[in-house]
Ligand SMILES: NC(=O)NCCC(=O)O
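One chain comes next, on its own, written out as structure tokens in the form predicted on its own.
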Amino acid sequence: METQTDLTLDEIIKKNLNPAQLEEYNRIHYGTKNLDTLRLTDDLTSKCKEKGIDIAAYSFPAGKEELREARKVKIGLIQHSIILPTDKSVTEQRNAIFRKVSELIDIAASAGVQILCLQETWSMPFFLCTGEKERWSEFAESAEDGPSTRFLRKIAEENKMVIISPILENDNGTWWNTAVVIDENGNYMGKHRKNHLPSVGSFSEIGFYDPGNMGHAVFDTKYAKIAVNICYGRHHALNWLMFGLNGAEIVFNPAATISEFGESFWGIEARNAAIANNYFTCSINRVGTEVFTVMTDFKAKKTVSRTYYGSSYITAPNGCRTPALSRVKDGLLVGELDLNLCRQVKDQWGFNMTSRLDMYATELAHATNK
């Protein structure tokens, strides 16, 4: 039975406002009185309902222009739980996740998705809360030809879909938190490594892998110029800024985050970034509870668990956003984005023209040389 804590804020509000109040809430909270929903086929919605998958689809139109055609692209965000207990073998756990994600990508393909992003380290449990490294080392894989990349390359080619695959990368014995980009022909396009690593409570990633060393890559795909700001990087405004300066039109933020670490500002940070940098942002978080058995210093066993709250959402450069996906269910969020909106908002607000980057560059140089 659904409990109050299972509901998203959006669902709680919708259940408690009358139509007129809801319209006003939508105007203020989402940035539009009436959300532009995309119609999905009855077969697709029925299939998702039967399997307990939360699916939603929205449109972000731009104003009609005389000299430019609309530049519409369909993107998809997938959030999901792991399948098997974490004491099963690496191969069993990974293959079970592959089967689940394969089905979710099939649904995304049926909805016409052209660019798809998976959650942070999607093909494994997020074991970093255990403090153990060696025990989980076989989940780390090659970005170029590891099992996750090989699995998704075929799917990308079959569906003519660009896929962003965040993994735990092993590069000659050095670990990185990495997002692999696979193009619509199934080719490895490149990768981005997580720039900022948390050291907050049990989420101390510094002992597992190094901070990224690849800057702020933007991938010029067939459908859009995209970038990936992995998880904790969303707390750093300059991280978002650099992706925009490098030409990104859509920035994906795949994450693995729990309620105790900032659920209150989950719906704010990526939205702020979209407004400040005149691009679309897409936030993805995993769902479910992951339970681990770890050894203490006294050779005793203890249980460590983490519960993730999903709530994936999309924001446009004008600040309009979608409702969040479920806090507890696997889900697919589809967005039809007109990329012309990026420049239209730049022209309207003049943020680039008034940014004063030269002034900040001077002051940042001074601050870093103290």
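Being a predicted model, the structure only gives us computed values, none of them experimental. Numbering starts at 1 and follows the sequence shown.
Just so it is clear, the following notes concern the form predicted in complex with the ligand, a form of the same protein that is not shown.
The ligand is not shown here, and in the predicted complex it never comes within 4.5 Å of any heavy atom of residue 140. Under a 4.5 angstroms non-hydrogen atom cutoff, the ligand in the predicted complex has residue 203 among its neighbouring residues. In the predicted complex, the ligand sits within 4.5 Å of a heavy atom of residue 194.
Contact annotation: residue 160 falls outside 4.5 Å of the ligand in the predicted complex, judged by heavy atom distances.
The contact residue chosen from 227, 231, 224, 287 relative to the ligand in the predicted complex is 231, the criterion being a non-hydrogen atom within 4.5 angstroms. Interface residue among 150, 88, 235, 99 relative to the ligand in the predicted complex, by the heavy atom within 4.5 Å criterion: 235. For the ligand in the predicted complex, the listed stretch (152 to 160, 289 to 297, 256 to 264, 276 to 284) containing residues with heavy atoms inside 4.5 Å is 256 to 264. Not one of 125, 132 and 208 places a heavy atom within 4.5 Å of the ligand in the predicted complex.
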